[in-house]
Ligand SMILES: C[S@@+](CC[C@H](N)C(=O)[O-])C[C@H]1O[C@@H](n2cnc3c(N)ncnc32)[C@H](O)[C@@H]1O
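Here you get one chain, nothing else, as structure tokens; it is the form predicted on its own.
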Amino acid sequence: MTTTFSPDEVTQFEHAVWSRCAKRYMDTFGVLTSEAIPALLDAANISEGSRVLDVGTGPGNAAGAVQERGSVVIGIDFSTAMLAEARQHYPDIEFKEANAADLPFKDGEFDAVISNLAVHHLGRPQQFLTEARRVLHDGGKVAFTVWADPTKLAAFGLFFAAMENHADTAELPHGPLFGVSDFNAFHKLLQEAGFRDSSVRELDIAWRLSSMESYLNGFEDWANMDALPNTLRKAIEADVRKAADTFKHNGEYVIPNPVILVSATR
């Protein structure tokens, strides 16, 4: 039975997790999440001269890609730790600490609002979309990615299977869109927020690794593995390494973890 979590519970949990992950995110989860960025920017029609808002910017990878296209971008995040990383990696980009459900910008200020693999972490995704529409001008685009059907997420599955083998697992606080893979649910959500011409499709991406060290570092931070007994940690790591061998070819691990790419027009 799925537990219903309050938006505030979700926010507190996600803030603690991703602040803890911030220092090593670029070299861990950032390797995977960056694979979705080119298609995300294309879906938002971002080109030279666009004014773009990146919501849930994390360490700023999507914002950096927007800047490379010759656009003006502002990145927001609720984590001070993540913003510190973003400012270090992209010192020429403006970053603000802000809540996705209460965007501190004027009506019609942007040509595009994007969010890469953050919306499923939000406690109030409907409010984010309402706010995104408000800060877009007529004809502006919103585009975001979320993880695809959990059964398809092989990269994440390696870790969670190992955890289940060795430790009790509890359902963690999560936003309403966590695990949602029904395309119609996203079309409906966008329509209710006042968007038109919605598009939803699955995008194949993979976690590409020369070794499993950065993968394990990422989940070590995410799951706060330092709090576990050393023997338990070692057993989980051993299971992950063994299962990962299935995905190793020519010295590289390529582990599928597809996303759903959603876009619409104001």
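Residue positions are given as counts along the sequence shown, with the first one as 1. All values derive from a computational prediction rather than experimental measurement.
Although it is not shown, the form predicted together with this ligand is what the next lines describe.
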Which of 135-143, 120-128, 182-190, 166-174 lines the interface with this ligand in the model of the complex (heavy atom within 4.5 Å): 120-128
Listed residue (98, 74, 148, 162) with a non-hydrogen atom within 4.5 angstroms of this ligand in the model of the complex: 98
Non-hydrogen atom within 4.5 angstroms of this ligand in the model of the complex for each of 64, 86 and 90: no
Contact flag, residue 33 vs this ligand in the model of the complex, heavy atom cut 4.5 Å: yes
Distance check, residue 78 to this ligand in the model of the complex, heavy atom within 4.5 Å: yes
Residue contact check: residue 82 to this ligand in the model of the complex, 4.5 Å heavy atom: yes
